[in-house]
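Here you get one chain, nothing else, as structure tokens; it is the form predicted on its own.
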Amino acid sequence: MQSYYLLCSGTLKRNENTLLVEKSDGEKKVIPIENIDSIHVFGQMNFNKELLVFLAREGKPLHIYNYYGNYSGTFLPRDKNVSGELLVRQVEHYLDPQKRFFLALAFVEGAMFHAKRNLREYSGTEPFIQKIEEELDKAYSATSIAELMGCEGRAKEIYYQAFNLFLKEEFYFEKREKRPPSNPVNALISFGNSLIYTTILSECYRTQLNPTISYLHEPRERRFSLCLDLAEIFKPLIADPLVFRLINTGLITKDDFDQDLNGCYLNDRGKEKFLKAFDQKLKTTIKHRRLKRKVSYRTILRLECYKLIRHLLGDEVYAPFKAWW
């Protein structure tokens, strides 16, 4: 199974037991439903209730992005993987300050580990790595979620400051800005982070986890905050190295962005390049040292959800994923 990224405009509909994409120029493409992991709609795509009922029956999430490529929402089929016991445990770990802090710290630790791992690939980054380690030490001594998030925020700022040491000079990056992204690097980071978020949401959906109950980020209405927690670990592992590679190999150029008063965003050609690289990355396999077999990056995301479930149920203490290769 694979994710399908629809950048075109047209109609998406059910065609017996398949999906049919009819592009505005008349071109048609049939997608067997059994091949679909999830659908990501970036273009102006029309669809109807019959399609949504079909996707619900088949358990296929459909993610929607706005004109700029930012995440807008998800159609999630009716939840078949419900577990009252796990839901109670999730809430229990949120309400207990010590249990919540343990998980929140684990997500921060995983994020900082992969940020430092990225920087070690480049010379001259040692002072930045040292500062991130200092923030991690402070995080271990923190006594509240707010204090922990302060450490995480400062570490991330230090991490981003190091980017100019190894990114092409024409992609100079002053600081992280999200709403709206102010330059190409910010646009790439935002786009990659959205994809990590929706991919983790798809994987959470296939487990019994409730994605609205989180530990590092505060649970709020209208967002799946547990996906934000887990995304902290995987943004620097999956999305950021893609940004570095796309820029430094010249696969992404300044011509792949639209920039106006509303900010800087990838155009359709740029999105297509990023999505192709992202999909290849998720399919890349590594030898899992515990399972003793090859698993893809996508599978690693699913395994992380199961690790968290085992912790919540008291079967195994959670430790964040840390790449060992």
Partner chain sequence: MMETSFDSLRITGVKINYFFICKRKLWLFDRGIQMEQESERVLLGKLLDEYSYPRKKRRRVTIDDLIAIDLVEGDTVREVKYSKVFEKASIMQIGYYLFYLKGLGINKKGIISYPRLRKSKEVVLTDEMISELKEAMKGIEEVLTMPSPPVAEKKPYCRKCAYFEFCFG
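Numbering follows the first chain given and starts at 1. Only a predicted model underlies this, so the values are computations on that prediction, with no experimental measurement involved.
Another form exists, predicted together with its partner chain; not displayed. Remarks below refer to it.
- Checked against its partner chain in the predicted complex, the candidates R176, K138, R206, R100 yield a single residue with a heavy atom inside 4.5 Å, and that residue is R206.
- Note on the partner interface in the predicted complex: the residue among R154, K131, R89, R117 having a heavy atom within 4.5 angstroms of its partner chain is R89.
- Taken together, the three residues S83, K292 and L303 all lie with some non-hydrogen atom within 4.5 angstroms of its partner chain in the predicted complex.
- In the predicted complex, its partner chain lies within 4.5 Å of some heavy atom of T299.
- Interface membership of V317, defined by any non-hydrogen atom within 4.5 Å of its partner chain in the predicted complex, is ruled out.
- Interface residue remark: V21 is not counted as part of the site for its partner chain in the predicted complex, having no heavy atom within 4.5 Å.
- In the predicted complex, at least one heavy atom of H288 sits within 4.5 Å of its partner chain.
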